[in-house]
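Below sits a lone chain in structure tokens, taken as the form predicted on its own.
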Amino acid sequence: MSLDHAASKPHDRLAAALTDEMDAVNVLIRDRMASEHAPRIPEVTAHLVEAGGKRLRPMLTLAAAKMCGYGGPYHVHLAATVEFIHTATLLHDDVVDESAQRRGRPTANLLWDNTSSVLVGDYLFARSFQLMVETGSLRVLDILANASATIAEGEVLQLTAASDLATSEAVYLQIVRGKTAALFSAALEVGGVIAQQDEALVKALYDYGDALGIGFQIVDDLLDYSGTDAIGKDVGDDFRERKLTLPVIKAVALADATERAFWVRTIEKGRQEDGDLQTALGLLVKHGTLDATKSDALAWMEKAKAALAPLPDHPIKLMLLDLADYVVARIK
């Protein structure tokens, strides 16, 4: 999901507050993207890393460290680590999803090939672990290694649950926790750990990231049926790709026999015809699942904001509160 470019947006204010740190992260990323023996690696990574993404995840690491009063150099390493993990998952996801566009630009697998995308993604994962080790913190290594495993687990779960109408909201939540929230929560958690904060504050950072990530993904899934906010996506892309996201899972649970037959044909069997998207949208409206999904997103963002309560007063804390509000502002 994209975030807008206006200077008044909380992620832009966050970026402005972290300009020096983000500059250092960008230098480190460019340095570690280099490969003496395989020039294809920096070509592919530069295409994605420099594609204009908001770098929200590494900013969250820097924000947590700064808010917790960290004065050392390793928050920069950890922010670069988080960005490498994120970029590696994007490279792999585009191959799995057979995507042709990312952030409004052709994907790496389209410009090069699937093999290059997979292998360069592997390289970035390896680089991320090198950066983690340099911090000298086993706790940090444990958190980010677990997050990497959880992300992969979430993607595999999504693969097995895809197009299966038996997929429940609980399974959906598990998928979202894996593929989106795990890196948000880990990005914030390691910022607190590297600053040697007490467990209550580290847990608060984790809980904020977990709720923010879940709400972030629910909003993304909602916008697929109710807006055109996501760059490079059209309304109904998830339906056409037969992805069972929360609005559809809720509608399937409320479906009568005729409606269930429609979902079986279009989602499980993939036999889609002209007009099916409009029928699907009609069913989502009929059962109020777009509004119910919106309520879920708002509830997760309230959890995110509540999680920040134990953290000390700081301008960045206010920006993180605003960020939670902003993510859901476009669906209110």
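Numbering starts at 1 and follows the sequence shown. What you see is a predicted model, and the numbers here were worked out from it, not measured in a lab.
What follows is about the form predicted in complex with a further copy of the same chain, which we do not show.
In plain terms, the part of the chain that comes close to a further copy of the same chain in the model of the complex, with a heavy atom within 4.5 Å, is 32 to 40 out of 32 to 40, 268 to 276, 284 to 292, 297 to 305.
Only one of 235, 141, 165, 261 comes within 4.5 Å of a further copy of the same chain in the model of the complex through a heavy atom, and that residue is 141. In terms of contact with a further copy of the same chain in the model of the complex, the residue from 250, 179, 92, 243 that brings a heavy atom within 4.5 Å is 92. Not displayed here, a further copy of the same chain is kept clear of residue 226 by more than 4.5 Å at the level of heavy atoms in the model of the complex.
Within this chain, residue 71 is remote from the site of a further copy of the same chain in the model of the complex, having no heavy atom within 4.5 Å.
For residue 197, no non-hydrogen atom is located within 4.5 Å of a further copy of the same chain in the model of the complex, even though that partner is not displayed. In the model of the complex, none of the heavy atoms of residue 169 sits within 4.5 Å of a heavy atom of a further copy of the same chain. Residues of 157 to 180 that come within 4.5 Å of a further copy of the same chain in the model of the complex, judged by any heavy atom, are 157, 159, 160, 174 in sequence order.
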